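Coming up is one lone chain in structure tokens, specifically the form predicted on its own.
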Amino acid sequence: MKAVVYKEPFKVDVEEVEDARIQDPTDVVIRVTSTAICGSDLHMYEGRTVAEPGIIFGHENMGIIEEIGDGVASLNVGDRINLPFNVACGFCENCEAGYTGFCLTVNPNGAGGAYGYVGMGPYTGGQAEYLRVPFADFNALRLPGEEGDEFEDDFACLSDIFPTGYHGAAMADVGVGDTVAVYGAGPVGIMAAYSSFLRGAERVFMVDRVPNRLELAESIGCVPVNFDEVDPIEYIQEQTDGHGSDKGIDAVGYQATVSGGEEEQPAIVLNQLVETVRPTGRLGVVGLYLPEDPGAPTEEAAAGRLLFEIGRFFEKGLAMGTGQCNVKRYNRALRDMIVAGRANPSFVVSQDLPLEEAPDAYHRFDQREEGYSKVVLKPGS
């Protein structure tokens, strides 16, 4: 089968690889119909992780079941399913508590597994024609309709960006009437803003420096804040009569930069949020922070240690939720909102492309080119 294979920093190729196959009785194999390129993939693509050449990318996957293991009880050949990026067992202590992003079974390297991601277990990614799905009864989310229908790109957002954005809003406890500051207008940040509105937020400030991304945020009702042009803390304070926002969401993570985009300061967004959010407010952090970053600007940052304004955080009585999304906590409800017409996350999808165009799409997405806010690959198209 064909798959997107990491070769070296800033280079992926589409190659013939070993076919996906049933390995355990609880597996299924799907024919992949949609698989998205994620901002998290760019960390590996840019060489900012310890990913080795040969890894098959792709953790935002959906498709049609082609083969079923003998131990699968609730799924059938032909079922259309979406897969959380989290690979989870469903029976460990964390899974039973709803923390499927931190499954204790699936990853010998630590808590939590994922498709096609460094350090997240032995699971091949889905930017390929076919994909093995472990613990399929638990992990699969059944989808209505047929392949390629009007919901295809909406459903593709259910693997990661929509629930992760919603997770950011949930960890920040965004509620009716809140003012929210979202830092980072990538796909997850856009979904965090969108989810904040779904949860009843009155105003959402979107902080970024890429004009086309700020325009997309503005199109859903956000107040755009270009940090190349204004100090975001001062601007949001002024717009809220000096109070600051009620809630804040970090959708940037460890590759945050100062104005101009030239210099990385990994903790700058966290510290800006400490000053942006009013006393006793709450932060939701879904931007990725790694324990190791080979490309970090300092030795401390390379070891995952950042200079965080804990004094101000404590002084203001702020609270913060962090960590990757437990997708299964949200994906069923979000699917039902899509079907009911109450949510249409596919507005963020700017490109539907054949798998063969993945190398060019990675380059353009990495450059933040206009028209590449979110790329969905269509194997077989």
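A residue's number is simply how far along the shown sequence it sits, counting from 1. Remember, it's a predicted structure, so these values are computed and weren't measured experimentally.
Omitted here: the form predicted together with another copy of the chain. The next part is about that form.
With the partner left out here, another copy of the chain still marks one of 126 to 134, 147 to 155, 228 to 236, 191 to 199 in the predicted complex; by a 4.5 Å heavy atom cut-off that stretch is 191 to 199. Taking the partner from elsewhere, E309 is found to have a heavy atom lying within 4.5 Å of another copy of the chain in the predicted complex. Taking the partner from the other structure, another copy of the chain in the predicted complex has no heavy atom within 4.5 Å of any heavy atom of H43. Proximity of G371 to another copy of the chain in the predicted complex: non-hydrogen atoms within 4.5 Å are absent; the residue sits far from the partner. Another copy of the chain in the predicted complex comes within 4.5 Å of no heavy atom belonging to E356. By the 4.5 Å heavy atom rule, the three marked residues L288, F313 and K328 all count as contacting another copy of the chain in the predicted complex.
A single residue from the set Q265, N94, N107, N212 has any heavy atom within 4.5 angstroms of another copy of the chain in the predicted complex; that residue is N94.
Put simply, of L318, I65, V349, A51 only one has a heavy atom within 4.5 Å of another copy of the chain in the predicted complex, and it is L318. Contact annotation for 55 to 82: residues with any non-hydrogen atom within 4.5 angstroms of another copy of the chain in the predicted complex are D70, G71, A73, S74, listed in sequence order.
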